[in-house]
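Shown here is one chain on its own, the form predicted alone, set out as structure tokens.
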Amino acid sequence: MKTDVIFIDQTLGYGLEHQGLGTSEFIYIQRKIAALAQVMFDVSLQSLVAVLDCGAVAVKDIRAGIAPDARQVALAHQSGCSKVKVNLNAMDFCNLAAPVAEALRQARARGLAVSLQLTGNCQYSSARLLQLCWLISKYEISSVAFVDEYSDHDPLFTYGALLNLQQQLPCPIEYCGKNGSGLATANALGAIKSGVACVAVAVGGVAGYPAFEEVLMGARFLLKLPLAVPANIATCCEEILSYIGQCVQPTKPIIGSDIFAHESGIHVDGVNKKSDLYEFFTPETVGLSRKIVIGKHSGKAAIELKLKELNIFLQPTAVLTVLEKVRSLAIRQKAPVSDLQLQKLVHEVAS
């Protein structure tokens, strides 16, 4: 397993194509995402050209996605791109058409780093792998990105298939999973565990890619890779998503505002005594804070903890009375009890 993971970001490309980002927004989001981890940006050449006109966009860490066409190779080169990703159907490399071969030859002649993106799956016969090896060697391909377009794989299969491909191919490979079966993050972690150093991600999991923040945290805390996690990752991701017209659901893993909210009496008591019983990482790790929700499931410990937060002292016997009133009110209004409502109940009991 490699420790130097590169996250291939798809967020910026999505924003360009679906939200029509202007140049200043493009640059701002690019910097925000680059601050999360080591990143390379995948952007379609057509979208990239639209924001390159002002000349202020740095393309050093951008890879332009192109069709296997010599004219697009030339345009990418003229635009200052040093890296291109050529999209190929998994069948294309078996019988390489003349225009495809010419595009790859042109890219090599212009000194571009060429990555092949193969859509389909990660399983190939020995004969086809030999053809792919020939193609990689002949055109000096920098890497091959395998796309699980239809979310067919599970993490164990992904791990094994990518491990085999790395042993067979003479260049680094990348993995691009999709979330059609809800396994995108797990598959991305399976890819990293197999030794793949480049995985496609998107902040918040937009467009069905593995969520950037989930893969980063999983690699850091589950796979124990020495990756830094920005202390403001939740706020940063929320801001990035707002620029591309997306919002963060309160229960979104890693960055949702309510993921550290606890109501149940036993949960609150446990978290208060030993937080890692219910929290795999601390709220401060991602820039969030713990919330004690007062409602029908609350217990005595939750009421005491909440009163302490509100700097309210109450006799232990009175706490039990407040608890009864809290549960009754929460059931009647079918919602948690707010701080203001709790303070009113405390006042009733104390007076």
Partner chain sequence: MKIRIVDTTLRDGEQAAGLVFSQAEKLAIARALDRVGVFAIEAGTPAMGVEEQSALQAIVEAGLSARVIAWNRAVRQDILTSVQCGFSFIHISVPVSELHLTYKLKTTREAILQQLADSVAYARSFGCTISVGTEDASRADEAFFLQVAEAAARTGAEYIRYSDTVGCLEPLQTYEIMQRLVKKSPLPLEIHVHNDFGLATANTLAAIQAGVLMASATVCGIGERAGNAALEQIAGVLTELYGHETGIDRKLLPDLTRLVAQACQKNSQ
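Residue numbers count along the first chain shown, from 1. We call the rigid core whatever largest set of C-alpha positions still superposes within 1.5 Å between the two forms. Please read all numbers here as calculations on a predicted model, not as lab measurements.
What follows is about the form predicted in complex with its partner chain, which we do not show.
- Comment: 152-160 is the region of 231-239, 133-141, 152-160, 99-107 lying near its partner chain in the model of the complex, near meaning a non-hydrogen atom within 4.5 Å.
- The closest heavy atom approach of residue 205 to its partner chain in the model of the complex falls outside 4.5 Å.
- Heavy atoms of residue 182 reach within 4.5 Å of its partner chain in the model of the complex, making it an interface residue.
- Within 4.5 Å of some heavy atom of its partner chain in the model of the complex lies at least one heavy atom of residue 254.
- Taking the partner from the other structure, its partner chain in the model of the complex has no heavy atom within 4.5 Å of any heavy atom of residue 129.
- With the partner omitted from this view, the residue of 306, 290, 297, 32 that lies near its partner chain in the model of the complex is 297 [heavy atom within 4.5 Å].
- A heavy atom within 4.5 Å of its partner chain in the model of the complex is found for one listed residue only; from 259, 88, 113, 248, this is 259.
- Heavy atoms closer than or equal to 4.5 Å to its partner chain in the model of the complex belong, across 266-301, to the residues 266, 267, 273, 274, 276, 277, 278, 279, 280, 281, 293, 296, 297, ordered by sequence position.
- The Cα shift for residue 320 between this form and the one not shown, taken after rigid core superposition, is 2 angstroms or larger.
- Taking the rigid core as fixed, one finds a CA shift for residue 6 smaller than 2 Å between this form and the one not shown.
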